[in-house]
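What follows is a single chain, given as structure tokens, in the form predicted on its own.
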């Protein structure tokens, strides 16, 4: 049964959630910085990239997936129900408590990937999010070590910061899946294929970009608990993982187009790098028209996944809106 559709003010939805994520990241960093065993310069390097202005899209996806399956489980997925939109759009601190450590750890892994990607031995970029990249400020060795530290801090943070209301089985499963998404079968492997200029551009994007986005959605739903029991069905979890790969591919194709058509002031990094380094991208293989056609197909595919697998929560269509943002974004 199709639900009634409602508009969603994405700015009103994302701002309190992004603010909460930023606040929690600051709290975690401050605690670490009081640890006298950690060299101050290492803490500064980690902070520089982790707290650099960003969209926090992966953390928002994690929270959005958790909210969506919880609201559906609580009986809000009914066409006849009279929805109070303010109730659903309002920031739910109880839900946030379930996934805040996880969401922040995802941002730590993402920050690590940006630090490492920008190193001279890989993408060799000197600008990220409108600022000098980590290795430009702190040197290559410190940037490498800051990325390494963020990986391990991310795991520590999930273990230490996840509330007892989330089952230990879920925590162990999420840590295992994070290791896969960030490791050789995921982001690291994707970077290798990118480095080798493998012509299977979908595999590069699925692993280098899509793996962490898919994990963000899957893990947020996996941590959705009611009375200590996971509420997401296997069908929902599988669909969210697949939706994440669609979203990740869309995000990366849009990024490929921005590399050609964007400016440093708008996109926050050096444009034209992909062409200059002869990187394999969707645009380099299929052209701009082919890239835009694929984006249209991905939007249809992503929306169908959400609708067909009981994830079309009309009062809070944030997953639909984030897919649209990934495809139409200008930065």
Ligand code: GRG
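Positions refer to the first chain, counted from 1. Every value quoted in this text rests on a predicted model; they were computed, and no experiment measured them.
Not on display, but discussed next: the form predicted together with geranylgeranyl diphosphate (GRG).
The single contact residue among 72, 170, 151, 95, judged by any heavy atom lying within 4.5 Å of geranylgeranyl diphosphate (GRG) in the model of the complex, is 151. Put simply, of 117, 156, 238, 198 only one has a heavy atom within 4.5 Å of geranylgeranyl diphosphate (GRG) in the model of the complex, and it is 117. The closest non-hydrogen atom of residue 188 lies within 4.5 Å of geranylgeranyl diphosphate (GRG) in the model of the complex. The closest non-hydrogen atom of residue 135 lies beyond 4.5 Å of geranylgeranyl diphosphate (GRG) in the model of the complex. Heavy atoms of residue 329 reach within 4.5 Å of geranylgeranyl diphosphate (GRG) in the model of the complex, making it an interface residue.
For residue 255, a non-hydrogen atom is located within 4.5 Å of geranylgeranyl diphosphate (GRG) in the model of the complex, even though that partner is not displayed. Contact with geranylgeranyl diphosphate (GRG) in the model of the complex holds for none of 17, 100 and 161, as no heavy atom of theirs lies within 4.5 Å. Checking 135-143, 226-234, 161-169, 122-130 against geranylgeranyl diphosphate (GRG) in the model of the complex, the stretch whose residues place heavy atoms within 4.5 Å of it is 122-130.
Heavy atoms closer than or equal to 4.5 Å to geranylgeranyl diphosphate (GRG) in the model of the complex belong, across 202-222, to the residues 208, 209, ordered by sequence position.
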